[in-house]
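What follows is a single chain, given as structure tokens, in the form predicted on its own.
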Amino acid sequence: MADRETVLKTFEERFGAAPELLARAPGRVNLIGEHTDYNDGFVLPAAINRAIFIAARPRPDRAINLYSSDFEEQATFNYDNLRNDNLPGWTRYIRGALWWLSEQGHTVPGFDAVVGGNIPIASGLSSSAAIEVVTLEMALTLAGVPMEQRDKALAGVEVEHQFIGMPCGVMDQMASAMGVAGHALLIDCRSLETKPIPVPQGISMVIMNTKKARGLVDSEYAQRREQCEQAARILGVKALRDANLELLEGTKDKLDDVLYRRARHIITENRRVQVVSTILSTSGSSMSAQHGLRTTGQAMRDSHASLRDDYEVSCTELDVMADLANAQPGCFGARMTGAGFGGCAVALVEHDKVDDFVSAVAPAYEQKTGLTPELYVCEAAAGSGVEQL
């Protein structure tokens, strides 16, 4: 995996000169609020201090020369063949962002670029959203087109819908484009209003990569979305965000067991996000902060149980990781994060207990699963941007 300096150095080695700009877009971890985004609900992600970088320099023609420092592969194409699926798979999200800009009538010059990052791929930390956002940052700068951060995020969502064919919500791109250092970001996925929520001092976000590949995500994600839409129609609401437990229980006889449990997860998860956001926003003194963290931790554990039992998107590896994390001293709470079926879990851990936490969880997980995990101690970072060099 590549960091900022690696990408800059690789550009000079590949193209024989320094780049003119460096674009950056972070990954994200979702503290709580899973699968609520496409139900017009609430989510609480945080941008993390791991990112995708693109170093670039414009060309006088329309050619695009891309090198991936992660895949160690070069790809050359132009704006007339952005939909050429014979090009390397790692170019797909980049091509999608460039295609969207072209569809909007923006003229982006050709460019030489190196892309790389230190967000683990296919782990639930939204490397794909970061690639979309960082490409938009880079290309808009080259084109001299200003755009609000929220609009960059929504453009990334359009790339997913129209080019990739993934019916995602807005959370990943908004966290990547609009993150605030030291804060999680409460997002109302209907109004798109955002509110920074402070992450308590002395707390680390530990992301635990199970190394279980997320093979079922695309098909199961689309199925869950359809199930939620079906449940909302039966409940007579626009989206499950508008339902509550009283309505759900009163309409239970009209829902089969699966639809009932899917709806119950979304309704209770939305409530958990609101409770956690309120309590973290109002925790001032050290005593109230401790109470807020305990409440937050319990909500995270409840969220994992709901994702496991009602939404059925967890897996053995995620359950083992969450259970091990929750059993450690200094851990307030842990849960799976991301779409599920593998990938990562996240824990909130006292900063001075982090080393012991990592030393205990990693070998215990490997012993139980036979998989060697990767644990990343992260901070809440700022959203995407461009550095002129």
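Values in this document were obtained by computation on a predicted structure and should not be read as measured data. Heads up: residue numbers just count along the shown sequence, starting at 1.
Keep in mind the form predicted in complex with a small molecule is missing from the figure; the text below concerns it.
Q: Which residue, 120, 116, 292, 169, is the contact with the small molecule in the predicted bound form, using a 4.5 Å heavy atom cutoff?
A: Partner contact (heavy atom, 4.5 Å) among the options: 169.
Q: Using a 4.5 Å heavy atom cut-off, which residue among 41, 333, 45, 338 comes into contact with the small molecule in the predicted bound form?
A: Residue within 4.5 Å of the partner: 338.
Q: Is the small molecule in the predicted bound form close enough to 11, 19 and 387 that every residue in that trio has a heavy atom within 4.5 angstroms of it?
A: Not a single listed residue reaches the small molecule in the predicted bound form, so no.
Q: Answer with yes or no whether residue 163 is in contact with the small molecule in the predicted bound form, where contact means some heavy atom within 4.5 Å.
A: The answer is no: residue 163 has no heavy atom within 4.5 Å of the small molecule.
Q: Report whether the minimum heavy atom distance between residue 343 and the small molecule in the predicted bound form is within 4.5 Å.
A: It does not: once the small molecule is placed as it appears in the predicted bound form, residue 343 has no heavy atom within 4.5 Å of it.
Q: Would residue 221 count as touching the small molecule in the predicted bound form under a 4.5 Å heavy atom rule?
A: Although the small molecule is absent here, residue 221 would touch it in the predicted bound form, with heavy atoms inside 4.5 Å.
Q: Only one of 171-179, 253-261, 89-97, 201-209 has heavy atoms within 4.5 Å of the small molecule in the predicted bound form; I'd like to know which.
A: In the other structure, the partner sits against 171-179.
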